[in-house]
Each structure stands twice: as C-alpha cells, then as structure tokens.
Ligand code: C2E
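Just one chain follows, in the form predicted on its own, and it is written as structure tokens.
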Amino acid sequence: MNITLFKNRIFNEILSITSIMAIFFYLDVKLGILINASEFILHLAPNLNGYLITIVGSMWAGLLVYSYFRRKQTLSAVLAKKHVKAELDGQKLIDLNTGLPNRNGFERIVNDTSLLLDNPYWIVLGIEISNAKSLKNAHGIDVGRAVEREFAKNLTGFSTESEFIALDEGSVFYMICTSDAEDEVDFRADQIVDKMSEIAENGIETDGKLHNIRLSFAAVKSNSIDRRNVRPEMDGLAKRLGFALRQRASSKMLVCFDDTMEIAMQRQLLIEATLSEAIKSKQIIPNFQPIIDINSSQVVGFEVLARWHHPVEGDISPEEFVPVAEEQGLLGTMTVNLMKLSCDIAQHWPEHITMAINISPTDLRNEDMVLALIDIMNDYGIDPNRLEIEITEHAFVADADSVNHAVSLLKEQGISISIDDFGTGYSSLHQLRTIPFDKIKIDQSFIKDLSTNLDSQAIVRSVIALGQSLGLAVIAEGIEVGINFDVLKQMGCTQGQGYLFAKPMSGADVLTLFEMEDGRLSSAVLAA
C-alpha cells in the first residue's frame, strides 16, 4: 500500500508541475519573456541552448508556483486550527484533564467551520481506550485520568499541524485528517492505527507504574456520506463512530463505517425512538418456552422470553432492544410490564407448572424493583413456589453484595433462584456456597456441540456433578438435537429446554397445549 501511495503522490506532483511548466512555456512563446532572459544568459554563456534555458526556467517557475500554493494550503489549515483553539479556550470548550477540545468543542470545530465541507477527502477517526472504565475501577479515577493524559500526549505528538483531536466522554478520542487525495487520508489513518497500537502494546506509564490499555478504532470517511444530501454534522459523526466501535472485531483493526452499518444504525435509531411507546402500549409481550423434565419428558415449567413485533421493522430480538432499554433507563418499566403480563397468563396454568423470568443486574440493584416484582406476584395470586428468578452468573460476580441482598428478599417470599448462563462468568465456589441458589442453568454454548466436543462434555459433566453435590437442580438450555439430549440424560441432567422440544410460544398457545392434553398437568412434548 505504501509503494502505491507514494507512486500516486509522485505522479500527482509531476503532473501538477508539468501543467504549470506548460503554461509558462506557452506564455513565453506568446510574450517572449523567458526567451529574452535566455538571450541575455546566452550572451554571457554562448555555449548554452536557448530552448533548454527556457524549459529549465519554466520548470523553476512551475516549482515556485506549486510550492507557494501548497504552502498556502498548509498555512490556511494551521491558522484555522489556531483560530478555533483560541475560540475554544475562551468558551470553556476544552477538556481540563488533557487540554484537548471536549465534545462540545469538537462539535464547534465540525459544525461551525467548513473544515470537512471544503476538503475533497477526509477521515474522522474514533479511538477508544476500551478498558478505561476497568482501569478507573481497579486503580482509581486519578490513574484513569493520568492514562488519558499520557495517551493524549502520544496522540498529539504524532499528529500534524493541520489535524484536529478531541476527547469525548467514555475515553473516546476523535481525530480529523484531511487531504486532496483519498489514498493520502487512508494511508494516514493506517499510520495512526499502527502507531497507537504500538503504544498500547508497550503500555502507558504513570507515576512509575505501567498500565496495559486496549484500543478500539473506527472511522467515518468522506465517501461514506452523501454530501449532496447530508451535512457531516458532529452529532451524526459521533453516532456513526460509536456504532462502528461497537462492531469492532478486534483491536489493531480499523472498522470503517459503511452502507451496511448505516442500515443497521438507522434500525437502532428507530428502536431508540419507538421503544418507550412500545413498552407503554404493550407491544413488547412475553412468550414462553417449555422446560421439560429430562427423565420423564414432561413439561414442568416455562421460561418467559420478551418479544417485540414492530409495526414497521417486524420482529426485533431482545439482543437488540434490551440494551437500548437499559441505556434509556426503561429496563425496569419493561420488566414490570412483562411480569404483569406473564402473571396474568400464568394464573390460568395448572398449579404446579413453574414460571421462570430473568432479572437483569440493573433491576437487582434496585430494592424497590425487587419489591415491586414480589407485589405483582402476590396481586395475581401466584404461589411463590411456582416462580423462579433467573440471575446471570456475571451479575453476582460483578456485584455479589447487591445480588445477595436481592436474593435474600426473594427467598424470604419462597421464590426459587437459578444461576443463568452458568460457566461463562467464572464464579467461585465460595459464591455458590454463600448465596442460596436452587438451580444451575448450563449455558447453551456448552450444549450445542456436546456430542462431539470432549471439552464441553467434561465441563457439563462437572457442572452436573457440582449441582448434585450441592443438592441443586441442573437445567441445560439450547438443546436442539436428539443426540445431545441423550448425552445429557446419561450424565444425569435434571431439566432441559430448547428447539428440540418447542420454540417459544404465546400465552394462548400454552393454554392450547394444556387443553390438548385434557387438562393434565404433565404435558408430554417430547417423544421419549
């Protein structure tokens, strides 16, 4: 890539100089300025050729003119940068920790200047210190700020006079690079990614201590925005960079925002704009996936799964809307609504069919939310013994004290507690012993290749043995093929769920299932 870039640049330089030379040569033919000068030089040095002198003179004139315009372009960018910097200093738009423009300052640079509109090619980089929050949690906020300062120094030291840098919240740095050649901005972006990756690998030193940092890189390029219809506003650039950063495959890799991401981002923006109304109008409803007893192949309960059928976008998965709900502070309201709708349906089920519902770590940290869920259960007359609350293993690994308190409140009501996605959160046996759980749910990632993967078999066998030794039921999720069901049955797994038995169904379909079984409580779904 480097060779191609330099070849293109040399070609462009030669072409520009040659064009200016041709103009001077033409003017000389018409006006004779350089010819007269060459005759004077020939008079002093009669051995020289007149046309040669004219060509050389044209070349020097071309070089001078070209150099003047290139220098003027660079000076213009530098002066613009100094002018904007002075404005930012006077209006408190500077990040006090690093001395860089903050988000508002960078917005002023982008929106109130013609920096991007006047340059034919540009690239806006987003560089995130992705483990900044972990550093601050582990070593303190002062260390986190010191790391940001040192990284800012490195980034600024590697930048050119005409490049703009800013720092947004979340330790995301923005950097604008412009040029009159597309391959130049591409090459410059690669240079920055390579250099900053090298710095990250070596670590950032503060107060004599070396801290490892992880970086993520994203970019929005001039050719990714239709400038006939869209002005490159800072708000739009930041959203696109943030979206691209979340799509990153790995560090050291520059993720460029493209048309596919534009479609996905517009879908996300639609979700963000309509989620609140969807929750209020009960568009997000519960579906129920059967949980079966592996030995008898009988239905013993159902897990509640949130489903949203959007009137425009169609089905939207929980993986898409749950993070948005949490970000917008709507997760608690959505959980309460789902709990009410689920209890309204479950009150018509046979009395010992259980209902399992997942509670997020955010909800667990809110005692009022936990008490609200208990009140809903009581209002609908649901026996507490029929309700299971699923808590992800990550939740009590990250915040064991809050989870322990929430679990105590729920257990006092007679509600069962299960660890969801077990095996993915690296919990300790001490936590399993001190927090009174009733069930372990094996994550589906260990089940999908159970019959062929010896490592998965060893892990699942160990979890089942652990559950048996602690007197806990063990449920396997994601059972999709019969051979995996057979292996689990041989290992002594207690319960299971997955597409092998049934897909998630509506509340009406659950009642139909019971009616088809003549009202019997143990509805056989799987042929033994």
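Sequential numbering from 1, following the sequence displayed. These numbers come from a predicted model, not from an experiment.
Not pictured, yet referred to below: the form predicted in complex with the named molecule.
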item	value
Partner-proximal stretch of 203 to 211, 357 to 365, 138 to 146, 100 to 108 relative to the named molecule in the predicted bound form, 4.5 angstroms, heavy atom	357 to 365
Touches the named molecule in the predicted bound form: residue 486 (any heavy atom, 4.5 Å)	no
Interface membership of residue 186, the named molecule in the predicted bound form, 4.5 Å heavy atom rule	no
4.5 Å heavy atom contact, residue 507 to the named molecule in the predicted bound form	no
4.5 Å heavy atom contact, residue 448 to the named molecule in the predicted bound form	yes
The single option of 369, 152, 322, 407 touching the named molecule in the predicted bound form, heavy atom within 4.5 Å	322
Contact assignment for the named molecule in the predicted bound form, among 182, 421, 258, 293, heavy atom within 4.5 Å	421
Partner contacts in the predicted bound form for 452 to 481 (non-hydrogen atom within 4.5 angstroms of the named molecule)	477, 478, 479, 480
